[in-house]
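Form predicted alone, single chain, as structure tokens, below.
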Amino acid sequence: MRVLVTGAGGFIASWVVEQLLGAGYRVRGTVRSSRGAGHLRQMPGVERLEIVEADLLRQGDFDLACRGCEVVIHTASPYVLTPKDVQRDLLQPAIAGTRHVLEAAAKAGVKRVVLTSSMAALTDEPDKAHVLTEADWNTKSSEFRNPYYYSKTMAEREAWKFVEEHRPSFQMVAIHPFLVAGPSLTPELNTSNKVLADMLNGAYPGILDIAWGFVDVRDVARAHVLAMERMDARGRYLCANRTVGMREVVALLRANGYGNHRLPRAPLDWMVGNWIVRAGAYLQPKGVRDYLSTHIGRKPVFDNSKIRRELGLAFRPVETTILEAAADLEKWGHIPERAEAA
């Protein structure tokens, strides 16, 4: 069976390709430029890998890419918190790109599409009084408030609208990861792991009252493969392991050899600290300001039972994910070496 993976050179997609090749599938991966696909060509099983160039904004670009494929795993989508142009940099590639891929998949007679959505399509303002599930939709984001979250929400809505209106040959499944961390197959610093890199490089003024639903990138990739293989997979799947606050992350890193790094120390994770952070957020770029104003002092609570029950996904321990991500950041030179390794 041949599987098409869009945006194959990306953080999550590279691991999807690696796992598909490891399982013996034939894989066709799309990239915007073949220059960014060198790491894919070094994977075991590369003889079953085909790399093609395709642009999300060019209608028809994916027609040839989808031809002969039984499954499409659509991961390609921009991740920019502060875009220069919301329409050009986020909404057009996310929404029109999704539509172009689905149109091509329908023409090619594809049997299943696995869409990489995001927790951003569930909410942009977590509330500990509400347990997030696959039934939730983000209704607060817009072009002017958390535009990245808006792009993911609108892209997924466009996908389900396409399925409802056109009744294509394929069944669609959507995967919704939270903060994806873990080792990268490329030296490029992705936006998710940058959260940890910023903590270790002194970007934060102190320990903030902020928490994330961590999930390992390899588990996210596995979720995509399982959603492809399990014919009874249906609908949306929230893909997150456990909520972890910044204080816990900092303590874990400090206890495992990163004490010489510029980890935050000042306790800002309380009422007055929250006020200071919100006030200081007005000096940050708009995307960062939006994110802080909707996440400081809020703890995401979610129910991941559907993905564990229906897909049989077992999550790696969060501590393993964070520490292996940190070691990977050190390996690629994104953070200084630990004292004992210097």
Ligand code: NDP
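The structure displayed is predicted, hence computed values, not measured ones. Position 1 is the first residue in the sequence shown; the rest follow in order.
Another form, the form predicted together with the ligand, is not on view; read the next lines as being about it.
This chain lacks the partner; the member of Q171, N260, N190, T133 within 4.5 angstroms of the ligand in the model of the complex by a non-hydrogen atom is N190. A heavy atom within 4.5 Å of the ligand in the model of the complex is found for exactly one of K299, R48, R32, R67: R32. The chain is drawn here without the ligand; in the model of the complex, the stretch among 252-260, 199-207, 116-124, 268-276 whose residues come within 4.5 Å of it by any heavy atom is 116-124. Put simply, Y79 is close to the ligand in the model of the complex: some heavy atom of it is within 4.5 Å.
Interface membership of A105, defined by any non-hydrogen atom within 4.5 Å of the ligand in the model of the complex, is ruled out. Contact annotation for T153: none of its heavy atoms lies within 4.5 Å of the ligand in the model of the complex. In the model of the complex, none of the heavy atoms of Y25 sits within 4.5 Å of a heavy atom of the ligand. Contacts with the ligand in the model of the complex, taken as any heavy atom within 4.5 Å, map to no residue of 198-216.
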